[in-house]
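Okay, here we've got a single chain as structure tokens, the form predicted alone, with questions on binding and movement later.
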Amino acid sequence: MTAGSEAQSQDWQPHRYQKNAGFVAVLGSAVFGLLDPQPGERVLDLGCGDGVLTEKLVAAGCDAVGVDAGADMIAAARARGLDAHVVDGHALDFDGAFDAVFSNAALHWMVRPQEVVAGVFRALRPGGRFVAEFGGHGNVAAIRTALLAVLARRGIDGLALSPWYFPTPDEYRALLQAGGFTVHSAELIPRPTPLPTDVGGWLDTFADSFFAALPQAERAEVKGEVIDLLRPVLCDSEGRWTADYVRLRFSASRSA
């Protein structure tokens, strides 16, 4: 699920996403519950991906609109019959159109968060809710460290390639407050996440920006080195992989 211009370089491939990362929408049930959508509300799903959770908003009786930077994801959402549009999350152009803005597993792809928060503020009616969950400080720390280490062996600065923004709760709370929001809750939630395939599938799905800096002929070798570094940390004796996820979940409302 993406909604930032930086994420547009990621080749999302909805079928691959569902195979390797279908858990993203499934594990979004907690933040969906925090939103507590009500029938008749107009809700923006920011970074809607293939529309699984947007569909749940519609089923709850909401007038839901999905936006995402990935054209392939929006095509998949539209195939579900949803009102979905290709939009960069840094450049929301709605004005007082929604009772709530909801986002799951997308805000960490938007590396200019002040622009995102400003756009969400404009999109909401006075008193409207902004409820989301995304990667927080320490998210996929082992995976990220392995990627940086393997690229550093080749003289490549992996930090410069990272497409992610993983803030602390205090950092994001301050950003929301500066943007005109009242913050009701903001917390980090460690959530080790079993992978349906393996970490190689996760890298294929989420780490394109790191491998894009390499010649095509070297990518498989580099991917193998990353997997070898991670195996002692994230793979158990039965060969089951678990990603070291840490989520930041928050609820805020636009000041009147």
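When you see a residue number, it is the position in the sequence shown, counting from 1. No experiment lies behind these values; they were computed from the predicted model shown.
The discussion below concerns the form predicted together with a small molecule, not included here.
- From the list 115-123, 132-140, 73-81, 170-178, the contact stretch for the small molecule in the predicted bound form under a 4.5 Å heavy atom rule is 132-140.
- Remark: Ala105 counts among the residues lining the small molecule in the predicted bound form, judged by a heavy atom distance of 4.5 Å or less.
- When contacts are judged by a 4.5 Å heavy atom cut-off, Trp164 counts as touching the small molecule in the predicted bound form.
- Though the partner is left out of this view, Phe98 does not reach within 4.5 Å of the small molecule in the predicted bound form, counting heavy atoms only.
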